[in-house]
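Let's start with one chain on its own, the form predicted on its own, as structure tokens.
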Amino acid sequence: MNTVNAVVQGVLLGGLYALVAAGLSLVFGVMRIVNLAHGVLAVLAAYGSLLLGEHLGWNPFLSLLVVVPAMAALGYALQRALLDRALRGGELAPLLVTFGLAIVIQNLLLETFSADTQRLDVGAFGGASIELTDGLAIGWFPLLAAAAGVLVIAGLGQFLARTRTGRAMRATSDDQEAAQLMGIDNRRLYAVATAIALGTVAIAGVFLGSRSTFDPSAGATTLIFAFEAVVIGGLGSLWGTLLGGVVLGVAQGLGAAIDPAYGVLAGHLVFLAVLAVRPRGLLPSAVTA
């Protein structure tokens, strides 16, 4: 039963990892860049929710009504002001720019909030659970987080497949020059893609901040888990990102069942194994549903 419980909890954790990694996968799929500021932006969203809770008394879930559009607007502005120029500087420039952005945001958070750990309070909901058997229970919050991950992945997939903007993003990802010849404004599309990515990052940040403690330096760990989920699933594949998150979560769950110290290590080992056997991931694809 311990093994079954570890797998179930790992699947739920994997849904959360997929939620965290969705924006990273989208940005890579559309623009072919890895956003190294992804993790610290999730932490920024968590702090935004924290401020709304402290000053207005808002529940973390209610704060999403402000945090998500604010982060989306930030993403649009960052793309137009910084990343557009970086993309014209070659493959290395966006990495350097996003790395510098991560350092700046992390230090601003450190100066503003100090290094003290924080946690978003979701009340009794955070500890409520459904008891399936004597040795197996599913928490309502992990279940909601996993469901949010699946819904975000599915929503992004439908957006890319069924909307005009989404199809234009797929066309730009496949052949940027041909898309431009057809009249597609790739700069606007990139800004919209980054806005959507940061909107999903905001959701992930609030769930992460409600699940465990966070501080300004938590972005590095968040980025690592998101990156591993994307690589395991396949770069640019949204459903692959969900699969990668689940594989990573189950690996960590099984590792922790053996010894709590082995949880994160088991996830890293699975990541390296997949990278060695299938370098393109389990479901390699361009940006698709």
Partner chain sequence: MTGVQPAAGATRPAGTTPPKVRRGGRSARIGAVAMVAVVAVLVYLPFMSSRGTQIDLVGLFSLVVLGTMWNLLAGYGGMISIGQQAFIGIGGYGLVYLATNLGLDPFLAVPVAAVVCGLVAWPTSYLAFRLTGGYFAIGTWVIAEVVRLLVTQVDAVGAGSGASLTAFSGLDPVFRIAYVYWMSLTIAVVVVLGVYLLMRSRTGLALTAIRDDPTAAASSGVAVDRAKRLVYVVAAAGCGLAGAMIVANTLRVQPGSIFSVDYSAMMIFIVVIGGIGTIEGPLVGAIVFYLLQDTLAELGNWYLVVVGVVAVVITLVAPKGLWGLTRGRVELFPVGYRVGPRG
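Keep in mind that what you see is a predicted model, and the values were worked out from it rather than measured. Residue numbers count along the first chain shown, from 1.
Omitted from view is the form predicted together with the partner chain, to which the following refers.
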Exercise for the section: Look at the stretches 87-95, 127-135, 194-202, 140-148 and give the one with heavy atoms within 4.5 Å of the partner chain in the predicted bound form. Expected result: 87-95
Fill in the blank from the handout: None of 31, 223, 50, 64 but one has a heavy atom within 4.5 Å of the partner chain in the predicted bound form; the exception is 223
Exercise for the section: Assess the spot marked by 72, 76 and 238: is the partner chain within 4.5 Å of a heavy atom from every one of these residues in the predicted bound form? Expected result: no
Practice task
Look up in the predicted bound form whether residue 154 has a non-hydrogen atom within 4.5 angstroms of the partner chain, and give yes or no.
Solution key: no
Problem - Heavy atom of residue 264 within 4.5 Å of the partner chain in the predicted bound form - result: yes
Exercise for the section: Consider residue 107 of the chain shown here, and say whether it contacts the partner chain in the predicted bound form, taking contact as heavy atoms within 4.5 Å. Expected result: yes
Exercise for the section: Classify residue 100 as contacting or not contacting the partner chain in the predicted bound form by the rule of any non-hydrogen atom within 4.5 angstroms, answering yes or no. Expected result: yes
Practice task
Sequence order please: the residues of 242-277 with a heavy atom within 4.5 Å of the partner chain in the predicted bound form.
Solution key: 261, 262, 264, 265, 268, 269, 271, 272, 275, 276, 277
